[in-house]
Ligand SMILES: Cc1ncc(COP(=O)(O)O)c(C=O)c1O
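A single chain, nothing else alongside it, follows as structure tokens in the form predicted alone.
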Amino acid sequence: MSAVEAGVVAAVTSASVVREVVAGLPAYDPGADPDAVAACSGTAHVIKLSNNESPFGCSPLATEAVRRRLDSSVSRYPDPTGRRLAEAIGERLAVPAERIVLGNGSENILELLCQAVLDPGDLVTTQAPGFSLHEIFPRMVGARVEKVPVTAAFGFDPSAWRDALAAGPKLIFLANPCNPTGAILSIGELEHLVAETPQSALLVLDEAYCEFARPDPSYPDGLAVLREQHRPWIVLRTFSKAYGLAGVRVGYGVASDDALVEALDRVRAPYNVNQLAQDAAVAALGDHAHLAETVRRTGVEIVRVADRLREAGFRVAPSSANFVFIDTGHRSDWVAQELHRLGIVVKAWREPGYETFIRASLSLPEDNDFFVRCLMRICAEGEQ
């Protein structure tokens, strides 16, 4: 058999063992590679606005904690329970450490929930537009996904949610603030949704951007809303966004009861959160000043950039997060490609009904100004 023939056989054999549902999954889009954009644009200064990272970095205390760990030993496995971090989170939130689950980013916990809860054919309800992993992970295990659209003003549609929840989903993914719009559910809207949710369903409240939204008096603390509920629920949060620890990957969930955490422990890898991440998160959690300053500076830039874009004629969703969702009036793929040529990376949105939108996270003021100028020029000139 020739090498070419052997390659064909191997390719056919590989394809034949992949589950059909996996072959049909949409690919997660992390945004363009900054190195590739640098090569395309010819600039060494690439402005990365695609992943909602903090331009203000992490707490110096977190950096020092990582340095100490590197100086001591990284040859040992991490604490598989993450006990020290779980206790620190529990103390901060006034919940038992036994009701806290840690993940390699909160996305990891989304995946664990699907593995622990869903059977093929189960129904999952989420929002549209929404975080793609709220769809990909359920479909990965053979579940069905129904998306509830936002209103024309990017808000919560109680009638649409009532109808969707009446269909009897087993699991509900709800992000507050919403990714990609940045819009929030008020406390009344969240309470309405909780009341409509079947008692048998697991309600997953994804609060990855909650720290940015807290200065808004209409933003509810999901944990406070759910704390007295006698139903299965879990609130997810992360250290990747406001805490600036995206590179080490650590998130957490606060669950309604110990039994849900125990179920997630059965399907998770035993060392899913590395020790550097655990140490950094404990330190970051204690640096209140750094978090407050990050939230303050981000809020200033969100208002300033959104106002400039609206003044320029763009439709921009109201955002209580660290990113803006912008209707460019042009194909999002084309707009993103043109921005790449100028050294700017954004997320082109491809969800049906939103193909002219891009999502751009906030950077430093001078980078944000350059982005706005470039976007205005590109959209004014239009596709040739």
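Note that the structure is predicted; figures quoted are calculated from it, not measured. The first residue of the shown sequence is 1; numbering continues from there.
Heads up, the form predicted in complex with the ligand isn't pictured, but that's what we're talking about next.
Participant: Scan T181, T238, T125, T298 and let me know which has any heavy atom within 4.5 Å of the ligand in the predicted complex.
Facilitator: Only one option qualifies, and that one is T238.
Participant: Tell me, out of F314, F154, Y219, F131, which residue has a non-hydrogen atom within 4.5 angstroms of the ligand in the predicted complex.
Facilitator: None of the other options qualify; the answer is F131.
Participant: Closest heavy atom of D279 to the ligand in the predicted complex, within 4.5 Å or not?
Facilitator: D279: no contact with the ligand in the predicted complex.
Participant: Is there a non-hydrogen atom of R249 within 4.5 angstroms of a non-hydrogen atom of the ligand in the predicted complex?
Facilitator: Yes - in the predicted complex, heavy atoms of R249 and the ligand come within 4.5 Å of each other.
Participant: Hey, in the predicted complex, does G82 get a heavy atom within 4.5 angstroms of the ligand?
Facilitator: Taking the distances in the predicted complex, the answer for G82 is no, it never comes within 4.5 Å of the ligand.
Participant: Can any non-hydrogen atom of E107 be found within 4.5 angstroms of the ligand in the predicted complex?
Facilitator: Yes, E107 is a contact residue.
Participant: Would you point out which of 165-173, 283-291, 241-249, 86-94 contains residues with a non-hydrogen atom within 4.5 Å of the ligand in the predicted complex?
Facilitator: In the other structure, the partner sits against 241-249.
Participant: Counting only heavy atoms, which residues in 174-213 are within 4.5 Å of the ligand in the predicted complex?
Facilitator: A175, N179, D206, A208, Y209, in sequence order.
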